[in-house]
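There is one chain below, alone, in structure tokens, taken in the form predicted alone.
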Amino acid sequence: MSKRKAKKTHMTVGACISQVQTILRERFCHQMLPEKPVGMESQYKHLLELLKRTAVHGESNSVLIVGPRGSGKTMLLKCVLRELLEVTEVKKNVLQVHLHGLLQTDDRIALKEITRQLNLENVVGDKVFGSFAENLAFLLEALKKGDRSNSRPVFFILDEFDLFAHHKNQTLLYNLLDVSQSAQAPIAVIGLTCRLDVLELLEKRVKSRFSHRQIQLLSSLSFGKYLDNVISQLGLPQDFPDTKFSEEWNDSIKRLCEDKAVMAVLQKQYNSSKDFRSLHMLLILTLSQVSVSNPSIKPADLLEASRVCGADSKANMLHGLSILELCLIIAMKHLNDIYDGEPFNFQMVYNEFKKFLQRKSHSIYNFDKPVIMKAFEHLQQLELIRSMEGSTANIQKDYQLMKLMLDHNQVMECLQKYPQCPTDVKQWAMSAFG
């Protein structure tokens, strides 16, 4: 009987852990929206009112949402759109066009994407237009259901707005803002950007058509609120199937966040980035340690996740290099010290390595030049060194200028951890940095 009970309890714990992982992974990976954005109530109200005037009253508008990465620009906009679309009339009429500066790199691609998102490919067909403005005007005209008052409102959402300012003549921005200013059709142009100086990038004719409305999002999150957010992000909801397990889990999360070592890790995370996306990365790595045998998050789990998150990818790559490749990197760093960071070429590195072999080394084999060149090219493939801009393919390979993409600490850390690194190589490295 006791064996059956034990088995049943074990299965219940397993089911609970599985449910916990499902809930929290969905929360961290899908970036679920909060009910209301915390700490940006006035910005939320302002943006909601602005877009409501376009969606309900057909009034055209333009606005920029400005703030550093992770400050909540996209989240704010999504929360506003979610509330707007709860109104049946708005949901039925409003169209959304999402453009991204990293994807729509020129106006032709942007126009094609606008046509696709508005489902107007069949309407455009094989028509030929003289200009971008004519094409855009035709698209907006095609959306009308009758007279102008019945035109369908369109939200043009431009992520990485500053990148659109680099398009030729800023044609896309000019025409969208011109339509919004002249009230040819009810549209709202919403730009999201990290650049505080974004208006300086706009041409005079574009700037004159912009409403100059800006919604600033500057993070005012205190460490106390950040800790509260960590607790809420790791906490289980009230409707969790097993109430007892849920209460024990939530209590353990509160105790976890009171641990000094954990607080130190979270303080470091808070100081480096208040972006909740990077916090979610840390928490999902922590969650991966949870299992039936380890049914709650321990301080050691969070510390290990922090170590993995903070691992230097380039330093990790160094551990897999051959001794020859490591020697070439030391030679490059030596050249950087001698010539105060000036670029170098293969021949200079080769000469420096040969000097080391002649003067100091008794443990390194005297490789032929083609083998050393192959090792040098491998470092370039790994992007540990990079050719300088303007160093053309016409220049002989031995003399193309290169730059080392590593710093002193990364190389020294690698030497400390490198298995069976010859003593004379370490000494040479120390003299190179000394």
Partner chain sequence: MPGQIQHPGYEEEKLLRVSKLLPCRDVQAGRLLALMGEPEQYSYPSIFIYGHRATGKSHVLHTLLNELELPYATVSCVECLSLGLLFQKIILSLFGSDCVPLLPRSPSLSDFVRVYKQLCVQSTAKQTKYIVLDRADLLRDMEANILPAFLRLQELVEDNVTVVLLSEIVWEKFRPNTGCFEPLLLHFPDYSKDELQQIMCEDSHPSYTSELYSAFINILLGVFYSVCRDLRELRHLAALNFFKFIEPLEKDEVKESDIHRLWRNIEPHLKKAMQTVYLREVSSVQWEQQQMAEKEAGALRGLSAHAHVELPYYSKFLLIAAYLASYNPARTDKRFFVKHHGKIKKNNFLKKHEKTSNHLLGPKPFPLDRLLAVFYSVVDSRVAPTASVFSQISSLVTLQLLSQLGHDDQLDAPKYKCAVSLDFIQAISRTVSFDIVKYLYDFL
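Numbering follows the first chain given and starts at 1. Fair warning: this is a prediction, and the values are worked out from it, not measured in the lab.
What comes next is about the form predicted in complex with the partner chain, which is not displayed.
Stretch-level contact analysis of 266-274, 154-162, 241-249, 89-97 against the partner chain in the model of the complex, using heavy atoms and a 4.5 Å limit, identifies 154-162.
Although the partner is absent from the chain shown here, none of P34, Q181 and Q184 has a heavy atom within 4.5 Å of the partner chain in the model of the complex. Proximity of E304 to the partner chain in the model of the complex: non-hydrogen atoms within 4.5 Å are present. Interface membership of I109, defined by any non-hydrogen atom within 4.5 Å of the partner chain in the model of the complex, is confirmed.
With a 4.5 Å cutoff on heavy atoms, T22 counts as touching the partner chain in the model of the complex. Although the partner is absent here, H319 sits close enough that one of its heavy atoms falls within 4.5 Å of the partner chain in the model of the complex. Note on the partner interface in the model of the complex: the residue among K45, H57, K374, H408 having a heavy atom within 4.5 angstroms of the partner chain is K374.
Contact with the partner chain in the model of the complex, judged by any heavy atom within 4.5 Å, is made by just one of R116, R82, R205, K225: R116. In the model of the complex, the partner chain lies within 4.5 angstroms of at least one heavy atom of each of the following residues of 88-121: H100, L102, L103, Q104, T105, I109, R116, in sequence order.
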